[in-house]
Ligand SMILES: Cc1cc2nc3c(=O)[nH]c(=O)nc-3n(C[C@H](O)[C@H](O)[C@H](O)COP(=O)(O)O)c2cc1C
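One chain comes next, on its own, written out as structure tokens in the form predicted on its own.
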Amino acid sequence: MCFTLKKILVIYYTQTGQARLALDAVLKPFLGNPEYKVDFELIRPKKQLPYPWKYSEFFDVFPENVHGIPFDFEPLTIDINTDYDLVIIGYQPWFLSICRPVNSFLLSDVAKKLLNGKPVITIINCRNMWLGAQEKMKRCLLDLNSKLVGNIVFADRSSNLTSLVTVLAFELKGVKQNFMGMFPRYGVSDKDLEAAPQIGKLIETALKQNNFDKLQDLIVAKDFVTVKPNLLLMEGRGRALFPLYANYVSKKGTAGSEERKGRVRTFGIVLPTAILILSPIITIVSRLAPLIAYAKIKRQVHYYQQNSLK
């Protein structure tokens, strides 16, 4: 049987391997299939980022990440002249923005060449707040003349406060499961990973037909783009305040400088404390919101589940 080889580029960043787990699960129908050529390209910063992070290092990346300041990364290993049929971007939100390694790629000349005119699917793995990062991703892809045709979200299924503890244990201690003998495992659930190949089959059908028009609706129907009203409200507050905090820290110096360490430490205390205090309050408000503004909440949830940009 004759077939036209379809070429897929997977651009991603990971420190812990979680993003690769999600990518491999979604792409299972393609891997080892002779009808497809799948190239994985890991973004590799020239200055290696630490893992596990030290507390001060973790919060010191905040200003530059929020401001979208790129850094240098190693040359890609692929042939950038390859004409790919589909590009998949796997990334994590950092401080409600695109993680700096992937954002650096998106702002590069090589991204302009690889993504121009291409259909793009984003695969996010995160704690739970991804809306602001994806809004920035939508803008970047429009600027690159590419079309976002799908978005898949792998989020930790624990409550907001529980995942706050487990993500810090994971990032700062390297402990993924059974932290302190009482907290659940952090990260992408086995249930979601097991279901992910179903999404891969939907992508395969769309790619074969060269028609992605209905793909996002099908992904949403499979419960892979959950938008929780309480997190929607909380993230909205954070997206308004984070640029102000980022300016406050960066006015004292550049990343790693002694001059701004005091402000970094202050932010490292203020942010978790604010989440602990506000999370229960916003959860209560979010449960009342549908009674007061049902139509507005419904519109917002629908908007963030789709790929359009306001």
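Since the structure is predicted, the reported quantities are computational estimates derived from the model, not experimental observations. Residue indices: 1-based, along the sequence shown.
The protein also exists as the form predicted together with this ligand; that form is not presented, and the subsequent description refers to it.
Proximity to this ligand in the predicted complex, defined as a heavy atom within 4.5 Å, singles out one entry of 212, 224, 105, 95, which is 95. Taking a 4.5 Å heavy atom cutoff to this ligand in the predicted complex, the contact residue among 171, 204, 85, 135 is 171. Using a 4.5 angstroms limit between non-hydrogen atoms, residue 36 is distant from this ligand in the predicted complex.
The closest non-hydrogen atom of residue 18 lies within 4.5 Å of this ligand in the predicted complex. In the predicted complex, this ligand lies farther than 4.5 Å from every heavy atom of residue 40.
Using a 4.5 angstroms limit between non-hydrogen atoms, residue 123 is distant from this ligand in the predicted complex. The stretch from 76 to 84, 105 to 113, 125 to 133, 190 to 198 that comes within 4.5 Å of this ligand in the predicted complex, counting heavy atoms only, is 125 to 133. Contacts to this ligand in the predicted complex (heavy atom within 4.5 Å) from stretch 179 to 208: 186 only.
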